[in-house]
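Only one chain is given next, in structure tokens, and it is the form predicted on its own.
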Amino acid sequence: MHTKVLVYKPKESYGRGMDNKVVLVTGAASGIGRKIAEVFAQNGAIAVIADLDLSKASATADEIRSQGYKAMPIAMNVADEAQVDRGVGQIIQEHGAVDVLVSCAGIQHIAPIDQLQLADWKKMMTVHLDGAFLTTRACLRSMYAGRRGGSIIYIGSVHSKEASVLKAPYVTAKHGLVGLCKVVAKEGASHNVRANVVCPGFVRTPLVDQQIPEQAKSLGISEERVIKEIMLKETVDGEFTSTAEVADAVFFLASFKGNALTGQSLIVSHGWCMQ
């Protein structure tokens, strides 16, 4: 007697349907944001490279275009309401819509709470939370009006789920992104807009490289111990998360078909955080 084995075969790959989709990535001139923009461009999307520094955004867009892909640079301070609205308007004027927003712009500040300055706390909240809100609002208005639906992906962190010493404002802001995402998922559902958060572990970017000596000084330990005993201690393999791994997760969520995945947090951390 032979048992019939049922094999699931998806009707289409997750990459299908991204051709000429307009994807706005903030903080896209370097690090995680740049890799995300590259992956979308390589899969047929129009990658909008938004960055505080227009010259860096233009250089990144030029490099992507030199490889035969589509990219558009814009200057955008995500914490500036007028600049965000103007930038999104520029994208719509040139390409007709924003189909995907990847909110990636971020900064870091290392300090114990008792020594943390209010100005530094506010700056962290402004960039991470005000920036996510302003770009979300501008893109939702376009997505709703165009009736094309859309996807919003926030780049959170394992610190959206966990806490670490010296990072009170960062942990607070990254937790806040999860809350914003859930509200956007509920409000956007009737407009066919999904929202999710990708939560990476430590990624070896300039932002993380800057933290290593700062934490070593604050904790009175070597930089090697910061990497092994703090940053990578809880991973299953002692490895940093790569920008490519984060970009793949973002692309998966943005191109997923249907509403089964919305309001979710996908942790990409080599097992550091398991939920």
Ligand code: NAD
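One-based numbering along the sequence shown. What you see is a predicted model; the values in this text were computed from it and never measured.
Same protein, other form: the form predicted in complex with nicotinamide-adenine-dinucleotide (NAD), not shown, and the subject of what follows.
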Exercise. Since exactly one of 201, 87, 73, 188 fits, which has a heavy atom within 4.5 Å of nicotinamide-adenine-dinucleotide (NAD) in the model of the complex?
Worked result: 201
Problem set entry | Residue among 78, 91, 184, 138 with a heavy atom within 4.5 Å of nicotinamide-adenine-dinucleotide (NAD) in the model of the complex | 78
Exercise. Can you pick the stretch from 104-112, 91-99, 144-152, 189-197 whose heavy atoms fall within 4.5 Å of nicotinamide-adenine-dinucleotide (NAD) in the model of the complex?
Worked result: 104-112
Exercise. Even though nicotinamide-adenine-dinucleotide (NAD) is not shown here, does it sit in the model of the complex so that 31, 127 and 170 each have a heavy atom within 4.5 Å?
Worked result: yes
For this session: Using the partner position in the model of the complex, report whether residue 206 sits within 4.5 Å of nicotinamide-adenine-dinucleotide (NAD), counting heavy atoms only.
Result: yes
Exercise. Does nicotinamide-adenine-dinucleotide (NAD) come within 4.5 Å of any heavy atom of residue 230 in the model of the complex?
Worked result: no
Problem set entry | Interface membership of residue 216, nicotinamide-adenine-dinucleotide (NAD) in the model of the complex, 4.5 Å heavy atom rule | no
Exercise. Residue 52 near nicotinamide-adenine-dinucleotide (NAD) in the model of the complex, any heavy atom under 4.5 Å?
Worked result: yes
Exercise. Within 131-168, which residues have a heavy atom closer than or equal to 4.5 Å from nicotinamide-adenine-dinucleotide (NAD) in the model of the complex?
Worked result: 155, 156, 157
